[in-house]
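Shown below, as structure tokens, is a lone chain in the form predicted alone; questions about how it binds or moves come after it.
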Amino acid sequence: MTTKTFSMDQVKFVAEYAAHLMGCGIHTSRVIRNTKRLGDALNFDVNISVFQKSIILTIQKNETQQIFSEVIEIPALPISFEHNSELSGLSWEAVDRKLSFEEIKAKYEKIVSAPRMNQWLVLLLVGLANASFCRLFGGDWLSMLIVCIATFAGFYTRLFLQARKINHYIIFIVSAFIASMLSSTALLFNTTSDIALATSVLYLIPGVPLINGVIDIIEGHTLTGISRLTNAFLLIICIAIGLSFTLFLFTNRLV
């Protein structure tokens, strides 16, 4: 077993680990549990306070009673269940196998730097998923095809604007408008156009923030939970605005 040393590198690493978990969309209590477990593996106690935009960690060395504090901003990262699973597993592996700090850090870097799923494959899968929702709500095959194409275009627009650091509320309005506008072509055919319009924007629904917000409030992290729910509701309003533009343009009414 490698001798563990206490340094600011370890403090900063644990803070980065916690911030990355929060940025990936993991609920607060799990972030705290994983971070404390990682601290145990490095032989120090971790006290953590999570806010909407930042995390404050106070770390105390068990042997020397040294205390260090670190404040880190939570990065804006895409939702990642893969990072959630692998980083949680890393904290268990660090404890069970008594990994050294260098080994833990190397495994962390490997996880966070791993290439993401091919963007075009993601676009195709999201389009098919939204088309399945259309079918689930009673849409016919032509509506499913239109919804799949509309979702593909809307999601591509979202990724395009995200890469250019556009405000995410504007991104949701524009993406919802593009997807619903394309799905409005269903009005030209004898098909289930109302279902196609309604389901074309479902890929934008912020399900993870909504679920995590409720979990945070139930588990006592009220401040974080309310901030997550507030952000999720604002995104839903943006989706409604984008969809409303299409309804005004192509149907001249709100349904």
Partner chain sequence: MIIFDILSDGLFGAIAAIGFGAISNPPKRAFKFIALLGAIGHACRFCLMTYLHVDIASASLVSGLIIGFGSLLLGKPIYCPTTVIFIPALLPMIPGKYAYNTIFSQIMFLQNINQPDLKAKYMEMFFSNGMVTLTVIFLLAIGATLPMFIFHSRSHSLTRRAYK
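Positions refer to the first chain, counted from 1. Note that the structure is a prediction, hence the values are computed from the model and not measured.
Quick note: we don't show the form predicted together with its partner chain, though the next part is all about it.
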* Find the only residue in T185, S80, S100, T157 having a heavy atom within 4.5 Å of its partner chain in the predicted bound form. => S80
* Selected contact from A19, V11, L235, L243, since only one has a non-hydrogen atom within 4.5 angstroms of its partner chain in the predicted bound form -> L243
* Indicate whether the candidate residues A76, F152 and V174 are all in contact with its partner chain in the predicted bound form, with contact defined as any heavy atom within 4.5 Å. => no
* Given that the partner is absent here, does I104 sit within 4.5 Å of its partner chain in the predicted bound form, heavy atoms only? -> no
* **Non-hydrogen atom contact D96 with its partner chain in the predicted bound form at 4.5 angstroms** => yes
* Partner proximity in the predicted bound form: R135 to its partner chain, non-hydrogen atom cutoff 4.5 Å -> yes
* To do: Indicate whether its partner chain has at least one heavy atom within 4.5 Å of a heavy atom of W92 in the predicted bound form.
  => yes
* To do: Could you tell me which stretch in 24-32, 51-59, 38-46, 66-74 has residues with non-hydrogen atoms within 4.5 Å of its partner chain in the predicted bound form?
  => 24-32
* Asked: Can you tell me which residues in 125-153 come within 4.5 angstroms of its partner chain in the predicted bound form, by heavy atoms?
  -> L125, V126, L128, A129, N130, S132, F133, R135, L136, F137, W141, M144
